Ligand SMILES: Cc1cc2nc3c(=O)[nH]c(=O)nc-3n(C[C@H](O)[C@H](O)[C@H](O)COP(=O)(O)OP(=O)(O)OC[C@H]3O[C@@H](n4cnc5c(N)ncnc54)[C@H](O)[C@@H]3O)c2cc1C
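Here you get one chain, nothing else, as structure tokens; it is the form predicted alone.
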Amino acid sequence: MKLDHLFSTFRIKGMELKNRSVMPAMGTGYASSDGTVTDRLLAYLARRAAGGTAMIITEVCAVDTRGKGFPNELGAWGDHLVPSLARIPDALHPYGAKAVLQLHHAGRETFPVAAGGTPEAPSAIPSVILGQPCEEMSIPRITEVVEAFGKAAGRAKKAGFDAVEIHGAHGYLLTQFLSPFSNQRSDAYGGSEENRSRFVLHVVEAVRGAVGKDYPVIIRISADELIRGGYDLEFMKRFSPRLVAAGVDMIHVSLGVYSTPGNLTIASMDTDPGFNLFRARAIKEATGVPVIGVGRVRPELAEQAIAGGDADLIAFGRQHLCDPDFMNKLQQGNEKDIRWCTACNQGCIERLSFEMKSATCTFNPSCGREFKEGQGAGGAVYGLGALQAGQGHTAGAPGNGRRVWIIGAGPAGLSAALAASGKGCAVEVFERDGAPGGQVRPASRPPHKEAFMDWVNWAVNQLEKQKVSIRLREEMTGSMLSADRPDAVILASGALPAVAGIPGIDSAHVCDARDVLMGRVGLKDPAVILGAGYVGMEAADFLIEKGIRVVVLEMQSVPPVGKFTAHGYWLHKRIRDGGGRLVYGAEVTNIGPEAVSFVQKDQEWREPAAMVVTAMGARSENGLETVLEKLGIPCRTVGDAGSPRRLLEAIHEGHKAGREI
């Protein structure tokens, strides 16, 4: 892959970057509740710097305690925080990475538990998504917050950061002032376009005044809110030159707000790569200053974007979570060793926003655990020389050559094999099917999910390099275990489809969704799918793309797959746009040769069906646990064999078992 432009240097003011890659701000939840930097956050950031990226922008850092978006947000609201913040550039600079502090105020997009009271905003209009009441900021309070941005920028410079980035995107306070969607003031800070712009320009001027003329100031913007009643790209093209006049040196061109349909701010696998680059070019042309492009950009597309003038730098967000070494691997020509991000959003934004847990990565279980798994000599939490690149386990950790058998080459089994082999165990993997991957194989067949097999291919490639054998078409038996007696077993045998006791369920035209996705059965029109979980919805998406008319029957009265996640939103949209129907509260009573009968709200219905597809969940396949217990062979059961869940749990449990076996 020829990437001369991506690996060219770049200078802005006094800051010179070794290449054109940027790690943008991404929330982790790793900081302390008092706003200070933790060893966990430091190790995580330093691990990315060690991977070769040129510029790392911290996650949001509150300029005022009332502007915190979550309880353990980084802070720059007081001078006492400078020594803590200084740990970040001190950790990144040895790897040649530049450190940028992102200055943030959440406005209405927060809760009292984080803000320490009622959230504040331009107008007392609750967030569309959070629904949290807020109060309108007074003019004296506006002045205080403007000054807080300036003081925080001064602290960042004092702490040794190479630049600051003002967070003016994604529906936070600065966006709220700019947008008629959230700003309904009638004073000097609301109403006209000129008035709505005033707060943001004052913030930029305060920041520039605090850091001086030679210090780089970046602003992250949403070039288009993509919501009804919000501002659009044409507004931002008019406004962005004023940002430059006020003191901005570079613009980071993102898009969207919390309530943008499909969550395009953190775009899922359902969106096209580079879908936002045209906006970066538009802002670059409007302002004449460098811009950072972002939005599902892979390296080859980044090269084209830089060469073609769409952007000067490229932000690779979630790719840094999935494989912190990807830039070094690209430079060394080791593309096959890169663990590519699929934009699944399970481990990062959805875990942080919906599960209220610290972020990680579905495919990289070491993400966020660097401080535990990668301690260097002398216990330095960011002494990362002890890490094997991309694996996240300590190099040379003793495994004593223990013979570990892993039963199943699905995601849990492959992850366990990688970890156990890296620990020094002699690993063999047994898989009854003719190919590795387990449930990832059918899961990669619906539209926009092809990239899921990238991880399987990556894992198999890594195991081959570690000389780990995957024995395909070998189903493990008790006699095999008894005869050869490995030192330990990791049971990753997966799960089988669950089937309800519905009359007619054994009919010839009834098949499992996984068989449909794998092409094991012929497709017939129309089709009825039983179950509206992710498997059923994705099977519907798959069939609709093939031209099959689809009705999905779900027993629950509410959708199991909500529209609040990005992938869920796009699934619902594609099924609806493709003519599919979703029927909730439907209790199937009979499957006949030509129709499915069901009851909904005490009324009986019949839905024509030439093909019936079952997607009613799964049941764990772990019968070998009893055999292993009788033989006295230590065993860990992981993934769907323990309990059918998501890909994240399978990969993480396998990794943990492999490290601990």
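Computed from a predicted structure; not experimentally measured. Residue numbers here begin at 1 and follow the sequence given.
What follows is about the form predicted together with this ligand, which we do not show.
Participant: Can you work out which of 460, 282, 81, 476 has a heavy atom no more than 4.5 Å from this ligand in the predicted bound form?
Facilitator: By the 4.5 Å criterion, the partner-contacting residue is 476.
Participant: Ok, 443, 470, 575, 233: which has a heavy atom sitting within 4.5 Å of this ligand in the predicted bound form?
Facilitator: So the residue touching this ligand in the predicted bound form, by this definition, is 443.
Participant: Using a 4.5 Å heavy atom cut-off, which stretch among 34-42, 48-56, 596-604, 617-625 contacts this ligand in the predicted bound form?
Facilitator: One stretch meets the cut-off, namely 617-625.
Participant: Is residue 287 close enough to touch this ligand in the predicted bound form, meaning at least one heavy atom pair within 4.5 Å?
Facilitator: Because no heavy atom of residue 287 falls inside 4.5 Å of this ligand in the predicted bound form, the answer is no.
Participant: Is residue 199 a contact residue for this ligand in the predicted bound form, using a 4.5 Å heavy atom cut-off?
Facilitator: Although this ligand is absent here, residue 199 would stay clear of it in the predicted bound form, with no heavy atoms inside 4.5 Å.
Participant: Spell out, yes or no, whether the shortest heavy atom distance between residue 411 and this ligand in the predicted bound form is within 4.5 Å.
Facilitator: Yes, residue 411 sits close enough to this ligand in the predicted bound form that at least one of its heavy atoms falls within 4.5 Å.
Participant: I'd like to check something about residue 13: if you look in the predicted bound form, is any of its heavy atoms closer than or equal to 4.5 Å to a heavy atom of this ligand?
Facilitator: Although this ligand is absent here, residue 13 would stay clear of it in the predicted bound form, with no heavy atoms inside 4.5 Å.
Participant: If you look in the predicted bound form, which residues in 528-545 sit within 4.5 Å of this ligand (heavy atoms)?
Facilitator: In sequence order, 535, 538 come within 4.5 Å of the partner.
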